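Take a look at this single chain in structure tokens; it is the form predicted alone.
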Amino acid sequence: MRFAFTDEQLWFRDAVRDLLDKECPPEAVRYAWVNHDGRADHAWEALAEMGVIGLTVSEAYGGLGLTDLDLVLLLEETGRVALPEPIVETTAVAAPLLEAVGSDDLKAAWLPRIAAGEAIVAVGFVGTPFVLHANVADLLVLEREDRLFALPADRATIEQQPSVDGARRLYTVDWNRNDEIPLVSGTEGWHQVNAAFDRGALGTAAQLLGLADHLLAVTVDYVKQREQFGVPVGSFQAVKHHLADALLQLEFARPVVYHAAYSMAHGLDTRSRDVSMAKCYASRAASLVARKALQCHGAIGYTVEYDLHLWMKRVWALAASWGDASYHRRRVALDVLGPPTGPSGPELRNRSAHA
């Protein structure tokens, strides 16, 4: 195994970082909390022009045809700026899934539009009652009652639900079943559905790394400038310990997430277990960094006027998305130890039945 990224992958990451610093500053994230659609102006179009949105779409449909390993660094960058766009759902999950299980007509109709950044796909899987950004989606991919289907978004009725992160608009979806486009049902093709769930969890784990990295960086800058008793608070041993603990957890999580991306890209048998470990490690690291950041900022960290809460609340939201840490720990245990003798959660049993 080559456990290092190529120069091209790192250059692409740096280019995306530069673009997002310009197109998605904190002001854009804050505005996404209060605007009509919860999105950042121009960021999606800029990422599409660079090829990021269509990165997982094959070249035959206008994309770059790259892998989860190529995508993971870029999703980490979208987390670093708390990008208020459904890029995990559209690029990491929906595009590969549609290419794997969609009909020729469906793929011809939607994949070129996804690659061009002209279509957004929202997804709803078992265990996720709310669909992220259904308000701006053009196509919905939904898993319900052991069936997976697509649904043009203009045929659905959506209702907004409360969210801890104002830039993550969550919706319940209702529809007429005559409008559904069947994708897969029964046992056939469910390994693709499980792979799509793994990609969602992996993409979210990568974004959590970026969020944690940003929170740690701004906290280090803050404690260097904030003075108490005539010296920077960062010179106090207790503060140093807080930040050292945060850095340690983040650096432990990072290679676990990258390894899971390698497993996904190469279709390893341990793919699902590796992804669950990545989601656990990233959620735990980001949650710890958010808590340490809040402690080191003191009272200012609690205020909505200060940008810190935008990143902290994104951490809280993503840590619970695509399976929380408890769900993924049980998934690892099921893979390593076999079926439990006691009761397990209904979501785990349901998805394990299709594994």
Partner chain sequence: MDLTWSEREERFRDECRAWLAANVPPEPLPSGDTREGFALHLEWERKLYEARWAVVSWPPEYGGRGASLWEWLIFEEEYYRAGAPQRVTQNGVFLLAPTLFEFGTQAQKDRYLPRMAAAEDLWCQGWSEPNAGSDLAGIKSRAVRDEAAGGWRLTGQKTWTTRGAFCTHLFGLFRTDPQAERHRGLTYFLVPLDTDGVTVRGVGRLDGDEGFAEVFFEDAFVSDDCVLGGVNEGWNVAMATTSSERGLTLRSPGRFTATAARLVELYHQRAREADPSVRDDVIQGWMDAEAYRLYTLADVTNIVEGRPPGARSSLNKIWWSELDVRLHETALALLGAHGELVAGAPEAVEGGAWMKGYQFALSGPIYAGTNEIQRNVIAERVLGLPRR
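This structure is a prediction, so every number in the text was calculated from the model and none was measured. Residue numbers count along the first chain shown, from 1.
Separately, the form predicted in complex with the partner chain exists; it is not shown, and the next lines address it.
None of G234, G102, P96, G124 but one reaches within 4.5 angstroms of the partner chain in the predicted bound form through a heavy atom, and that residue is G234.
For the options H191, R284, R144, R155, the one in contact with the partner chain in the predicted bound form, meaning a heavy atom within 4.5 Å, is R284.
Residue contact with the partner chain in the predicted bound form: H309 places no heavy atom within 4.5 Å of it. For V16, no non-hydrogen atom is located within 4.5 Å of the partner chain in the predicted bound form, even though that partner is not displayed. Heavy atoms of L183 never reach within 4.5 Å of the partner chain in the predicted bound form, leaving it off the interface.
Although the partner is absent here, P112 is not a contact residue: none of its heavy atoms lies within 4.5 angstroms of the partner chain in the predicted bound form. Of the stretches 87-95, 147-155, 216-224, 195-203, only 216-224 has residues with a heavy atom within 4.5 Å of the partner chain in the predicted bound form.
Contact annotation for the candidate site: L247, P255 and M277 all lie close to the partner chain in the predicted bound form (heavy atom within 4.5 Å).
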